[in-house]
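Just the one chain here, laid out as structure tokens, in the form predicted alone.
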Amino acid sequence: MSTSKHLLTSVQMARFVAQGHLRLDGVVPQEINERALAALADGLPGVPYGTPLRTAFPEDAFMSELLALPAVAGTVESLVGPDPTVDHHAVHVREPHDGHAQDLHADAIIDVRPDAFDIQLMYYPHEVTPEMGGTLSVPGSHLRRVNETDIGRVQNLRGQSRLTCPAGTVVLLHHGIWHGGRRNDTARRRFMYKIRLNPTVPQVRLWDTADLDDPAVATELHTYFPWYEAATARLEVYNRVLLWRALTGDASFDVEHWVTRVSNRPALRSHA
């Protein structure tokens, strides 16, 4: 399926399945960033759960223009389809010198779908420097189910990502990724806009699949991260294969035969 839309490639989609996030640095024009900052400072009205994204916001609202940007729209469609609904949206603010970091946690602990996912889109309308904290996330954690703040006692993990970015950056996360906001040690308020989106169609081959057979797909899905334990890292790859099979509709796909060998159940045969 080749398309002129700004859809993800199969390699990019496999990277999301392995890492649990994708980032689009500086894709939002400064004019939208400035209007977004003014709107976020005033607070935003709520959006009822299940509202179609296409009707959730006025056309002249920064949210509509943000989500209509080709790079953002194409990535969203690749992940959750052409007509998602809004789960919720929120303004996250870190006050100057607040001296507090959010505990590491995972959202939506009751959401254990193995063959589908929501996305959380996080938008940063101004530059985020190391001193401003930024959102910390743990690549490759999204398929390891935890009970929300059970991991809150963990302060740092090898390979974690502490976001710094230019203004107008958008990060898209699998709903299960471990994350937390870091403290803001500057004299400036830090803003982040978040919107969670739910798919309304099966999440099967929604991206540009022209490179589906590229060997780089399997390479992405076989990625290890520094915080993984030697043995249980294989379970992470196993779960990625299950998700990739669901997303592609290809029940034969595998990495190192890990899923194939444990699903091998030869039928009993009668002997004459």
Partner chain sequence: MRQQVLVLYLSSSALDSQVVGWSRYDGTGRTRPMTGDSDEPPYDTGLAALYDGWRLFQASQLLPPQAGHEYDVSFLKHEFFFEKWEDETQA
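None of the values given here were measured: they were computed from a predicted structure. Numbering follows the first chain given and starts at 1. Between two forms, the rigid core is the largest collection of C-alphas that superpose within 1.5 Å.
Not pictured, yet referred to below: the form predicted together with the partner chain.
For the marked spot (101, 136 and 143), a heavy atom within 4.5 Å of the partner chain in the predicted complex is present in each of the three residues. In the predicted complex, the partner chain sits within 4.5 Å of a heavy atom belonging to residue 230. The closest heavy atom approach of residue 154 to the partner chain in the predicted complex falls within 4.5 Å.
At a distance threshold of 4.5 angstroms between non-hydrogen atoms, residue 169 is out of contact with the partner chain in the predicted complex. Remark: residue 239 counts among the residues lining the partner chain in the predicted complex, judged by a heavy atom distance of 4.5 Å or less. Of the candidate stretches 192-200, 76-84, 120-128, 176-184, only 176-184 contains residues with a heavy atom within 4.5 Å of the partner chain in the predicted complex. Note on the partner interface in the predicted complex: the residue among 107, 115, 150, 95 having a heavy atom within 4.5 angstroms of the partner chain is 150.
In summary, among the residues 218, 210, 41, 235, the only one with a non-hydrogen atom within 4.5 Å of the partner chain in the predicted complex is 235. With a cut-off of 2 Å and the rigid core superposed, residue 110 has a Cα displacement that reaches or exceeds the cut-off between this form and the one not shown.
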